[in-house]
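Only one chain is shown below, in structure tokens, and it's the form predicted alone.
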Amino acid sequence: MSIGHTLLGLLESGPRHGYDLKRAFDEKFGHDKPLHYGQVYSTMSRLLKNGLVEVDGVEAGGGPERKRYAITEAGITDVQTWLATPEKPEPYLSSTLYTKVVLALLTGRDAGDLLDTQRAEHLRMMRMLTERKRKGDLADQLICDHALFHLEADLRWLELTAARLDKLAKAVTSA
């Protein structure tokens, strides 16, 4: 996820302080990985330097001055371009799971056990996500669906690999 573009998009509704941006980000996108304040301020500093935001005001308080940021026309254009650009589909041609299976076979370890352990971990995560989806709002439901569909694809791969394990063992050990 592009944190800079996300913060810019949040600014389109109006100027905000860094604290407010962090809170809005965490509420909408950071359920599982909230932003650190330092990340917000370093990102805002970079966006300011690049002319995508401007300081709309500075307020003195009991602590450091609070800057209020506003998105510029260049920032709006940047967000529009980012939103209109499709994300590159991830083909997962370099898979840690595949590497572990092949290394288990090459080193004489039980790749079937590895696949069974991984399957159990995927199922555990799917149960957690299903529970979260059941209790969550629409945003949570959609993000959980996205993760669940990826985990289902992984499970299909695990099953297929388990069914072909003897054939794979011959292929990787004879080369």
Partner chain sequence: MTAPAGSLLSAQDLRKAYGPTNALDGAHFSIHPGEVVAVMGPSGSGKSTLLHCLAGIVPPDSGVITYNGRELSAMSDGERSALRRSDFGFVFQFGQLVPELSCVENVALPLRLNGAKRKEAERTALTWMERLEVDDLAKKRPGEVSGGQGQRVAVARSLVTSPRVLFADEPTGALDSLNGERVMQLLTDAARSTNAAVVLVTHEARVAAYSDREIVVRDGKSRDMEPVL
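On a predicted model such as this, the values are computed, not experimentally measured, just so you know. Numbering follows the first chain given and starts at 1.
Omitted from view is the form predicted in complex with its partner chain, to which the following refers.
K.L.:
If you check His36, Arg46, Lys28, Arg134 against its partner chain in the model of the complex, which one has a heavy atom within 4.5 Å?
P.N.:
Selected option: Arg134.
K.L.:
Find the only residue in Leu106, Ala139, Val55, Ala120 having a heavy atom within 4.5 Å of its partner chain in the model of the complex.
P.N.:
Exactly one listed residue reaches within 4.5 Å, namely Ala120.
K.L.:
If you check in the model of the complex, is Arg127 within 4.5 Å of its partner chain, heavy atoms only?
P.N.:
Yes.
K.L.:
Heavy atoms within 4.5 Å of its partner chain in the model of the complex: does Glu152 have any?
P.N.:
Answer yes; at least one heavy atom of Glu152 falls within 4.5 Å of its partner chain in the model of the complex.
K.L.:
Given that its partner chain is not shown alongside this chain, does Ala162 nevertheless sit within 4.5 Å of it in the model of the complex, heavy atom to heavy atom?
P.N.:
Ala162: yes, in contact with its partner chain in the model of the complex.
K.L.:
Any of the heavy atoms of Glu59 lying within 4.5 Å of its partner chain in the model of the complex?
P.N.:
Contact with its partner chain, no.
K.L.:
Given a CA distance change of at least 3 Å, are Leu138 and Tyr19 closer or farther in the model of the complex?
P.N.:
Relative to the shown form, the pair is farther apart.
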